[in-house]
Ligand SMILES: Nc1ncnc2c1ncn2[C@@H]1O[C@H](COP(=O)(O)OP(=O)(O)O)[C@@H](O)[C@H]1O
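Only one chain is given next, in structure tokens, and it is the form predicted alone.
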Amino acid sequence: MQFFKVYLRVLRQLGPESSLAGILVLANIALAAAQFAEPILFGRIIDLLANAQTQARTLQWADLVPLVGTWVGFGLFTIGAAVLVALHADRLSHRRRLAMMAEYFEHVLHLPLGFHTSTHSGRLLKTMIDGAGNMASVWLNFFRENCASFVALFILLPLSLFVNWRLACLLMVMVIIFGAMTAFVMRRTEGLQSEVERYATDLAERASDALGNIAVIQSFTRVEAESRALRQVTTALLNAQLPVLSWWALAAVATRASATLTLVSIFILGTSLHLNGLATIGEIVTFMNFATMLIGRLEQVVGFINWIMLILPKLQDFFEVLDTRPTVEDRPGAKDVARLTGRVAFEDVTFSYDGKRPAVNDVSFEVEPGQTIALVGSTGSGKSTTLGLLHRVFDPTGGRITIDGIDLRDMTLVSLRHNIGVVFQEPMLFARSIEENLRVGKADATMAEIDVALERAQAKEFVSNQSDGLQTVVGERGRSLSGGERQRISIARALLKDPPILIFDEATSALDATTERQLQAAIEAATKGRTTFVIAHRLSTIRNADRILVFDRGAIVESGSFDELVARNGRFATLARAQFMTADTLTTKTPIAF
């Protein structure tokens, strides 16, 4: 069953602290043995008193002190050991919870953009918090209660055969019946709870979407509609949860019934055996105590299993993300490369997202260091995918890409990406200060370097006008800034990185015409000596590119300078005329902008 598989995997996550975990397990075994010994000692005391009464003999305290003293000793040991186990179990579980969150977070950051495109960030966050938190609770419950319960049920209960095998057999039969009933309920609810978790995830995603787009919701008066949709999800969640709760309510009732039946059965059989000279009164009392203790343990186990079944899908989601392997990894023997010169070559490169239709088809071109290459074409023609292959968002399914003659896959990802700066169409700023966002490009940058980057990106003036200057927090995704301001911070971040290769993916799309003109000379100066790739829809911004590659359906259909492509009167000229140009403007030189 998935229950046992996931449960054991959760326990295996204690590996880095296996020594302490082992000590706690041994302590639990000792605790269970001490708790099991107490009913035996109590039964011996009862037999001693009963025998003395039968023989009309008066007992002295000296006769009872050894047994009573041992009983008290076990009791004190149980209390002290339980406190120590609980204290260290708490610390262990919280340490491992934070460690698992860190491991999950780091793993997710290494997963490719394709994974993040298809997976909601709200779901990933919920999975991290729920998974790590629930694992901590599993560990805590294991060391505080469940380990001792398992020892009592599966090790010490069989040893009760040496006390009175007849009563022990009855007790074990009752435990087996109870365990079979619990297993039946688990099987009936396992699939149902997975559906519950699916609705819970839908709830988190919908709420995250709404909160992340609050401006749209308020502007389009969608508050009532979104609230109604969320209530529908919560209703579906409740409807899916109720059958699970009903099954476990039935299990709880059966547990109480089993407890009563077990005690009555032990008493009746014990009395019968006593009347036939096969059991002492002390043994009857001992097994009544055994039954009471084991029923308590069983109730703990059932409650724990009930809870585990509720959180099982959350744990499975957590491990599913951890088991997701990055599609782009350092191959064995990959080397760190120093600063590259920027000579780029695509050699018969092909890539497909689904293995059926190629997104990039047999693309080949070479770029010399310092050249500027523009990529144009309709949406979905393969421009962004081509440049995504350059900084290894994906790896080609055919052909290869080299920089300075070295296959990208022979470089470590970190060293490759140190040599490439990307300015995305969406600025993607963190909800941190402007300075922190800039230092993403270069963590140890000096203030002088930051000033130069801001000046080149035409961002210095508006940054100095912010309430706290560089320390101004820009809000979630930089919402406190305008679109143009966000993009200029993004450009400054890339310039601060100072890579030999720059990629501009519609980097000026959010800028007004005036700001775009202001950036032209500065960015042109910043790209000198660097290999630069530009994805552009506004064709006027790429007039001075060294070469323009025209894409269609993942392939390069035209290549040349702006004037060469216009004179050829092919697809590029058609795109230019359809966009905004006249025959006169096609032959008029204008500065390049990115």
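Residue indices: 1-based, along the sequence shown. What you see is a predicted model; the values in this text were computed from it and never measured.
This protein has a second form, the form predicted together with this ligand, left out of what is shown; the following refers to that one.
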query: Contact segment among 354 to 362, 324 to 332, 253 to 261, 128 to 136, judged by heavy atoms lying within 4.5 Å of this ligand in the predicted bound form; finding: 354 to 362
query: Partner-contacting position among Ser378, Thr397, Gln471, Thr412 - heavy atom within 4.5 Å of this ligand in the predicted bound form; finding: Ser378
query: Partner-contacting position among Gly382, Gly478, Gly270, Gly282 - heavy atom within 4.5 Å of this ligand in the predicted bound form; finding: Gly382
query: Contact label in the predicted bound form: Thr117 to this ligand, heavy atom within 4.5 Å; finding: yes
